[in-house]
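Just the one chain here, laid out as structure tokens, in the form predicted alone.
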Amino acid sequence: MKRLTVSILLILLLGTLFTFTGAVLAEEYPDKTIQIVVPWGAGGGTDKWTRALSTVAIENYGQPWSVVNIPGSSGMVGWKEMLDRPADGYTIMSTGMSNIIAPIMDSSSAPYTPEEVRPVAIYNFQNPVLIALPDKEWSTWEGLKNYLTENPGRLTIGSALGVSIGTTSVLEQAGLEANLVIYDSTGEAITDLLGGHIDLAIPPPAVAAPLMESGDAVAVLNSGIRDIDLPKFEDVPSAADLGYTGFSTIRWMGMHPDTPDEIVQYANKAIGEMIESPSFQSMMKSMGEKPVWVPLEEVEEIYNHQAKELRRVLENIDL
């Protein structure tokens, strides 16, 4: 009985020590340079966003950011690097949707699952836009819905994988059936649409806008979870307008899943101040980009929904 009591006391003391250590770490955070892992090569979209954010880190985060590119295996090498480092908040991964898609598509050999992360920030939404050539029976949402109701599976939609999920989900919720062709790039899908080889395509708004401006295409649906703050998109119905759950491509940041709550909360607030700083906003506006800040509770809700919906849709896509 005495030995058992001593063991229980030791366990309680160790638990108190770990709790105290975590509290001290959180109280002192941050007191050194933050390593930002970008699991893609230099020069890509996520890399540019992250390096732009790093220019306002010292005055808003309290420490400089050192951006490190660790590409490989559709972003999985960089995510694994983040998991292999201490859960102390000094390693933050900055990435996009492909990092969530990769372990779902390659679940048998992936070194992690999408749930192995603490999402701390979302800094950009891309709302996929379903577009068609003008004057087709399916060039409006109502026209598309009526056509596919009468002719299930008769239309072909081309898209890169990452931006296809929103439209696929909305069509599924509406009980409509179409053929989805996955392209290596959005540009290839647009070329085939304009050439009449497919019936619809799914680009991001920045790609759809000039096609709409020139009259080469019309927008049928915004399948994202937010309105598109660009001219010509005011009258495009969104998933929410139609009573469906939308899905946006996001750029986001995450930490080791065991990172203390206080550090995660600090990171979310500080990154929000970085995003909303006038110099960063001006920089991104000159690049034609629109940064956003999302409170931590909403970040977690959106991330968990994205991961769950990606898993559900991808498991039913025949690639």
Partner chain sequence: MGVFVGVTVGALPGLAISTGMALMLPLTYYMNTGPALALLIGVYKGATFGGSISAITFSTPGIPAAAATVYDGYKMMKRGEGRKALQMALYASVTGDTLSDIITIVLATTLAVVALKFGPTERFLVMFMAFILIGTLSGKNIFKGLISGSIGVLLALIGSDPVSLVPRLTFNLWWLRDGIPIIPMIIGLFAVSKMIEELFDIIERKRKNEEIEKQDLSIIKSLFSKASAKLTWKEYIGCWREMLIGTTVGSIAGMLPGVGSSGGAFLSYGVAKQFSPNKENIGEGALEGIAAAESGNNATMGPTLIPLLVFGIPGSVGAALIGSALTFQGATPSPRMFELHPTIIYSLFVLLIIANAVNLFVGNIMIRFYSRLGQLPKYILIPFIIMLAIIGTYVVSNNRYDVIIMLVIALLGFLLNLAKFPTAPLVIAFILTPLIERTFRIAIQTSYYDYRVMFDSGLSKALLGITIILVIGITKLKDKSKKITGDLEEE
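Residue numbers count along the first chain shown, from 1. Remember, it's a predicted structure, so these values are computed and weren't measured experimentally.
Keep in mind that the form predicted together with its partner chain is missing from the display, and what follows is about it.
Of the stretches 46-54, 290-298, 257-265, 270-278, only 46-54 has residues with a heavy atom within 4.5 Å of its partner chain in the predicted complex. Against its partner chain in the predicted complex, the set K145, D227 and D241 makes no contact: no member has a heavy atom within 4.5 Å.
When contacts are judged by a 4.5 Å heavy atom cut-off, P210 counts as touching its partner chain in the predicted complex. Under a 4.5 angstroms non-hydrogen atom cutoff, its partner chain in the predicted complex lacks I58 among its neighbouring residues. Looking at W141, you'd find every heavy atom of it more than 4.5 angstroms from its partner chain in the predicted complex.
A residue is said to contact a partner when one of its heavy atoms sits within 4.5 Å of a partner heavy atom; N124 fails this definition for its partner chain in the predicted complex, lying far away.
This chain is displayed alone, yet in the predicted complex one of V218, A87, V181, A174 has a heavy atom within 4.5 Å of its partner chain; that residue is V181. In the predicted complex, its partner chain lies within 4.5 angstroms of at least one heavy atom of each of the following residues of 179-206: N179, L180, V181, I182, Y183, D184, G187, E188, I190, T191, D192, L194, G195, H197, I198, D199, in sequence order.
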